[in-house]
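One chain comes next, on its own, written out as structure tokens in the form predicted on its own.
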Amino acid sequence: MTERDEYFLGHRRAEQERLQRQAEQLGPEAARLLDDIGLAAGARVLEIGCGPRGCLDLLAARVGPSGSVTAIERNEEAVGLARKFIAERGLRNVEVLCGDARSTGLPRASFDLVTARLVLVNVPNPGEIVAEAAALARPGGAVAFHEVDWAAMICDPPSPAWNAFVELFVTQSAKCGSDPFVGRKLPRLLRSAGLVDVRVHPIIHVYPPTAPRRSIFLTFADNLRERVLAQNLMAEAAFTDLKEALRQHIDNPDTLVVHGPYFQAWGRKPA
């Protein structure tokens, strides 16, 4: 794996644990998307970039014993965690493979649904993954992505620490070749891959003081810390002070914390 191809948020154990929590937290949104698509029992599904859990349980429940769920994930540790998850849940219709989402080696035109969540925002050249997803979908099948766009990562009252972190995140994304504004581009990417009947569902997250995802920026800061310091984007003391100021602002129950928009977009492969 080259430096440029690295998943933007990295693969620290703490990040794997966050992704496991995220799967639970975003479960209702994923369920709505699958219902909108109309995923039926007996379907054959591929999840790209499942991480340590992804939507594997939701997909397995919908396709049932007569269907199958295949997942592909590049990070070996995440693959191990995903396999442990499916064993613990007894998901006999699920298999997790270690491989590259841009070149899966899987049979072309063979899946009723190809889907991914919060993958494109973390990798360079997301269009390549969308194109691979479209190639893997059968004629008449669906391709669906759930992605974020950093256009409305806002808080009120305004916070210099919040603004500095957003700027730092966007700057670091550019250095890694990833796009924090990919969410708005999803419909265009799907159409460019040859999909039709493209639909979009927008989501905005407003996190109250008790919401687990309210402090997600702090986790992102931990993920980025080593790279930020190594590239001299910020001195260590300044980074520590920035994170503490951000923590205090988020911990204030009177602070409005808004993340998004998120976009769920899906289309059909022409029959």
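Don't overthink the numbering: it's just position in the shown sequence, from 1. Just so it is clear, the model here is predicted, and its values are computed rather than measured.
Keep in mind that the form predicted in complex with a small molecule is not shown, yet the notes after this line are about it.
Colleague: Among the candidate stretches 161-169, 180-188, 68-76, 193-201, which one is within 4.5 Å of the small molecule in the predicted complex when only heavy atoms are counted?
Modeller: The contacting stretch is 68-76.
Colleague: Among Cys176, Ala101, Val94, Ala134, which has at least one heavy atom within 4.5 Å of the small molecule in the predicted complex?
Modeller: For this set of options, the contacting one is Ala101.
Colleague: Name the single residue among Val119, Cys155, Val148, Leu81 that comes within 4.5 Å of the small molecule in the predicted complex, judging by heavy atoms.
Modeller: So the residue touching the small molecule in the predicted complex, by this definition, is Val119.
Colleague: Verify the contact flag for Ile86: yes if a non-hydrogen atom of it lies within 4.5 Å of a non-hydrogen atom of the small molecule in the predicted complex, no if not.
Modeller: Flag for Ile86 set to no.
Colleague: Wondering, does Leu19 line up within 4.5 Å of the small molecule in the predicted complex on heavy atoms?
Modeller: Although the small molecule is absent here, Leu19 would touch it in the predicted complex, with heavy atoms inside 4.5 Å.
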